[in-house]
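The chain below stands alone and is given as structure tokens, in the form predicted on its own.
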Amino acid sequence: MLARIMLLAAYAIGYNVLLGYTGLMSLGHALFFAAGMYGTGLSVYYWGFPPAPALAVGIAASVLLAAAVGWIALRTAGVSFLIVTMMFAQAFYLATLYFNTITMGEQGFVLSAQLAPLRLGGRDFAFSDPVVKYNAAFVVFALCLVLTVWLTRSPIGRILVAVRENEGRTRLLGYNTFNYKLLALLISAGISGAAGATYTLVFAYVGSSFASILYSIYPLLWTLLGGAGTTLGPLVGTAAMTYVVDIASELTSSYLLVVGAALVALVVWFPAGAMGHLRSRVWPWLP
């Protein structure tokens, strides 16, 4: 459970770069998460790639797709950007179903037989070992968190925040806001792809459900719940929501009603999210 939460939190961290720091709300981030999964999974399943090269293929697939999608989608704004990103993600999801002879569609495919152990320092580490699963998830989560902290404190991060606060004024100051938004999308997709690729290695499974609209809604909900534009918000939101969904799904098949109720409660009582609320009321030093 902890490994899963950390990898999904890394996914939410990637989403937070785009929504929390750049002000772009996407409803198609499952495209990048699933691209990382399929890039890694297919290269292992069909070509027998070792874990590290397969991970690189997954991240590269997500970044390349983000470059293509961003070139078109970033020419829109607001609700239009939301809809265009959702359409691209749905097209990818349908493609995974259409080419089911390769992707195995909703059923997906398992990598247990093809996945080689991770080789480090002359030693082999099998992903079936729970300790390896936990450490792999922790390393990826920590790297994503450090990258985000560095980004937000760098000049580039400050420009992204300026784009979020007032894009027109940022453009008047001489910055090419399209290029900065595209950079934010590439970083966001790269982090999301890394989370998806590692998820594939750790759990040895890829399926079309990870490309569905639900996996585009989840990071939005996790980020809003924890606090958009806060460093630890995605982790808090992901952990809280994962436990809520797991508990609710054991009680009722309509567990998505709980997800919807949580979103409504957020909008009404905690519009800044849990960490955003704490930062504004209690601990102003929170990043």
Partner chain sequence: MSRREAIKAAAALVGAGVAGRVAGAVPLASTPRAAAQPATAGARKALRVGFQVHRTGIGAVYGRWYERTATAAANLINEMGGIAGRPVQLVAEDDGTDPKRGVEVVEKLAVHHKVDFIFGTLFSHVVIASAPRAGELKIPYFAVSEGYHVPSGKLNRYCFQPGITDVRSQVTAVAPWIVNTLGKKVTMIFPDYAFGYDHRDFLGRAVARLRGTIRALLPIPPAETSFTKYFARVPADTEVLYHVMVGPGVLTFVKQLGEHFGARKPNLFGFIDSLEGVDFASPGLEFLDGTYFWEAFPRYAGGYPTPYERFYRERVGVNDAGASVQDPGDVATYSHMFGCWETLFVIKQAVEQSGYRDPTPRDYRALIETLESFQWFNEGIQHPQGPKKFVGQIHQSFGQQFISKVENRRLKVVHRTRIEDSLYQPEADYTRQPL
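Not measured: the values here are computed from a predicted model. Residue numbers count along the first chain shown, from 1.
One more form of this protein exists, namely the form predicted together with the partner chain; it is left out here, but the text below deals with it.
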Query raised in the report: If you check in the predicted bound form, is residue 153 within 4.5 Å of the partner chain, heavy atoms only?
Result: yes
Query raised in the report: Looking in the predicted bound form, any heavy atom of residue 183 within 4.5 Å of the partner chain?
Result: no
Query raised in the report: Counting only non-hydrogen atoms and a 4.5 angstroms cut-off, does residue 105 reach the partner chain in the predicted bound form?
Result: yes
Query raised in the report: Would residue 128 count as touching the partner chain in the predicted bound form under a 4.5 Å heavy atom rule?
Result: yes
Query raised in the report: Of 97, 72, 116, 87, which residue is found within 4.5 angstroms of the partner chain in the predicted bound form when only non-hydrogen atoms are counted?
Result: 97
Report summary line: Counting only non-hydrogen atoms, the one stretch of 72-80, 117-125, 189-197, 131-139 within 4.5 angstroms of the partner chain in the predicted bound form is 131-139
Requested in this report: Enumerate the residues of 235-251 that have a non-hydrogen atom within 4.5 Å of the partner chain in the predicted bound form, in sequence order, or give none.
Outcome: 243, 245, 246, 247, 249, 250
